[in-house]
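Given next, in structure tokens, is a single chain: the form predicted alone.
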Amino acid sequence: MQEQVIDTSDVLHDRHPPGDLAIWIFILAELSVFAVFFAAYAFTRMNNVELFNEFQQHLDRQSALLNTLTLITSSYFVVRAVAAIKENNHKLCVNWLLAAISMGFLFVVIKSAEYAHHFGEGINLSTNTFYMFYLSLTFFHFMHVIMGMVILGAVAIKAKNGGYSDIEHTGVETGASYWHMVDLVWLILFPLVYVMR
């Protein structure tokens, strides 16, 4: 009687988070830093509710909402890029990654215009406690968006040169995981800073 050999490689692969293990350690570290920032913001806000509510009204919620939609869209594009490389479609993968990067660039442009408006009014870190948190939190996230764009750009270049395939696409998943983290942080930051009263 012949024994049937079962290929468990796909099953074992699905047990691990997508991408390289190192990126998940980095993501957890980054999320921990953001969690401390958010907790400090919430605690300080509880003791300065009137101040925070007053100056929160000066923020551009429409731009922030547009940036939220921009990042959600970019995450969808990244998901499509991963799906494309799993089908060994390098060109489509690259196109989806470039679309995600363009959404990241749009986020940067919108946020830069928002910063320019605040700085033009003489607002800075020392203006008051609310603006100290607002500028620190959003700029920290802003830098993560730029870093994410660089990572996705590097992944796109490697994908264009045939560096990934339907069998080996860990790098694409790694870049996608980081980008989703950036998106997740904004989905917490947006209501916390712009909406919650």
Partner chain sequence: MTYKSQSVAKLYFIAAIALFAAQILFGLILGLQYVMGDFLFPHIPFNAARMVHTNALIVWLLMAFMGAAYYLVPEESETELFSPLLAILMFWIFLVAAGLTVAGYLLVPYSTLAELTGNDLLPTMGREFLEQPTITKLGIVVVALAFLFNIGMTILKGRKTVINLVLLLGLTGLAVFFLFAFYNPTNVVLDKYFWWWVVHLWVEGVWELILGSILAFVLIKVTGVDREVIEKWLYIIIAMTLITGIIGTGHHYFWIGTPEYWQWWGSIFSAMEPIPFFMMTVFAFNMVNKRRREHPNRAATLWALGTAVMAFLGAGVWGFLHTLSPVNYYTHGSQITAAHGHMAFYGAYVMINLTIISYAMPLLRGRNAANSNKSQIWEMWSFWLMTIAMVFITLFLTGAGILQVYLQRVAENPQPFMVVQDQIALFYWLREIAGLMFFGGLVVYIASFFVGQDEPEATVAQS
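Numbering follows the first chain given and starts at 1. Here the structure is a predicted model, which means the values were calculated and not measured.
The same protein has a further form, the form predicted in complex with its partner chain, not shown here; the description that follows concerns it.
Taking non-hydrogen atoms only, A116 never approaches its partner chain to within 4.5 angstroms in the predicted complex.
Contact annotation: V36 falls within 4.5 Å of its partner chain in the predicted complex, judged by heavy atom distances. Although the partner is absent here, V109 lies well away from its partner chain in the predicted complex, with no heavy atom inside 4.5 Å. Contact check for S32: a non-hydrogen atom falls within 4.5 Å of its partner chain in the predicted complex. Although its partner chain is not shown here, in the predicted complex the stretch 120 to 157 places heavy atoms of L125, S126, M132, F133, S136, F140 within 4.5 Å of it, in sequence order.
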